[in-house]
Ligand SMILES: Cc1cc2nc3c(=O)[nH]c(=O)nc-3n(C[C@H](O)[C@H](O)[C@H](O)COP(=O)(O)OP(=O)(O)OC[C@H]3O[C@@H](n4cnc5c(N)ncnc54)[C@H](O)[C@@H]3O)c2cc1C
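One chain is shown next in structure tokens, namely the form predicted alone.
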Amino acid sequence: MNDSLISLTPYWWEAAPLSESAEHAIPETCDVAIVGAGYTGLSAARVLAAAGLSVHIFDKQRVGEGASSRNGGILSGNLRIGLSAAIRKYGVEVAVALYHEGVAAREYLAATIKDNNIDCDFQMNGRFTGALNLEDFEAMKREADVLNTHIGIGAEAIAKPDLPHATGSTAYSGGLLRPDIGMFHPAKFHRGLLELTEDAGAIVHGETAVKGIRRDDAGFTVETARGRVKAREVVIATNGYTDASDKWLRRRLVPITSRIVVTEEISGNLMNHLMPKRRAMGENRNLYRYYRPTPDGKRILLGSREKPFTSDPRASAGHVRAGLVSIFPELADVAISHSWNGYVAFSREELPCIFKRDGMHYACAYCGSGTVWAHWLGTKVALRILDEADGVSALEGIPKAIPLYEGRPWFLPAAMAWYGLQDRRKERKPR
């Protein structure tokens, strides 16, 4: 593989390149100031502007440059904790409410795309998760029963003899099919959401960092790189890109780098063998790997954690590519065309959350599943500001601060090494 030929910009930007946003004057006042112009911020702004409020969104990068155009485009609305474990931890009522909210969030996203004719290669054809050993597959079978009993989503455990219908990989001992999960083109969706938001009347300020926010009698003074604005309400929608301007939130969110690679085009016959249903796919690893076909069905995209102890993007691309080849050895001679990274945000609770603190509204901690949760919780924030009953969420809660943490995740190398060891133990169990 010739590493020098890999493009280090997201594959998604080829069909939906980032556009330079028009420079708007910073107003003296507005009803709502939103920090972050990704899915969360735009979803909140669209609802608020449609209700007649003056809304200004500020983003320190180009609009859409963060995770909203860098993610893998799998619409899981996952919770890190399985339903069975959630029932043991929170009780049936709370656990089921959390999972039902995931169902509602996926349905709402699908409705937003359909009702507004957003051209984003949306499809809802399920996700297959491979089990690394027989013990894990037995656990998946039990989890499928629990999901179907309480949520009724039609989850299906697929035994090893039936795997060729789901995947050409021989790396798994079975797997779990969730038919309620789909895919889209993340940058196209962001572009469509941005157009809807601006059409509703919200003003977006790209490359305009927020330096600080001060509460006062009239609401808030938001200090930006291009001037200050007084706002009645403030929404913080920065998630994995939270910087030192919000030290309180930064102590509660751990930004973890996810790297994605995309292959060169693969023959139709080989794609039919490797991914016969062209579904989203994943594995039951602690260091999760997810993969999918590109929208044209001609390439495979895979995302996982960066290679440890290096800042070389091409070395990390090689590391992630090796993971893809371990799943599909047939791709050993297929080159990588694109590789890039982005940040996802985790909290101690490992649950998405929505809350209000010191008068400001927050939605964050999507734990790698922001394609669904960001759109959903951004909308919930807007409904709360409008004092609508539909602003209620089972994900209400303020994340706890992480001890001895100020924003630099010094503990990640050790944590990643531990999780990697656990995954290797999984692989050594009977298959």
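No experiment lies behind these values; they were computed from the predicted model shown. The numbering used is simple: start at 1 and walk along the sequence shown.
One more form of this protein, predicted in complex with the named molecule, exists but is not displayed; see below.
- Taken together, the three residues Y39, R70 and N239 all lie with some non-hydrogen atom within 4.5 angstroms of the named molecule in the predicted bound form.
- Among the residues A202, L194, I260, A131, the one placing a heavy atom within 4.5 Å of the named molecule in the predicted bound form is I260.
- S245 is the sole member of S245, N284, S169, S316 with a non-hydrogen atom within 4.5 Å of the named molecule in the predicted bound form.
- Stretch-level contact check against the named molecule in the predicted bound form with heavy atoms at 4.5 Å: of 203-211, 144-152, 263-271, 87-95, the positive one is 203-211.
- The named molecule in the predicted bound form comes within 4.5 Å of no heavy atom belonging to P399.
- Although the partner is absent here, K60 lies within 4.5 Å of the named molecule in the predicted bound form, judged by heavy atoms.
- Shown alone here, I74 lies within 4.5 Å of the named molecule in the predicted bound form, counting heavy atoms only.
- Among heavy atoms of T379, none comes within 4.5 Å of the named molecule in the predicted bound form.
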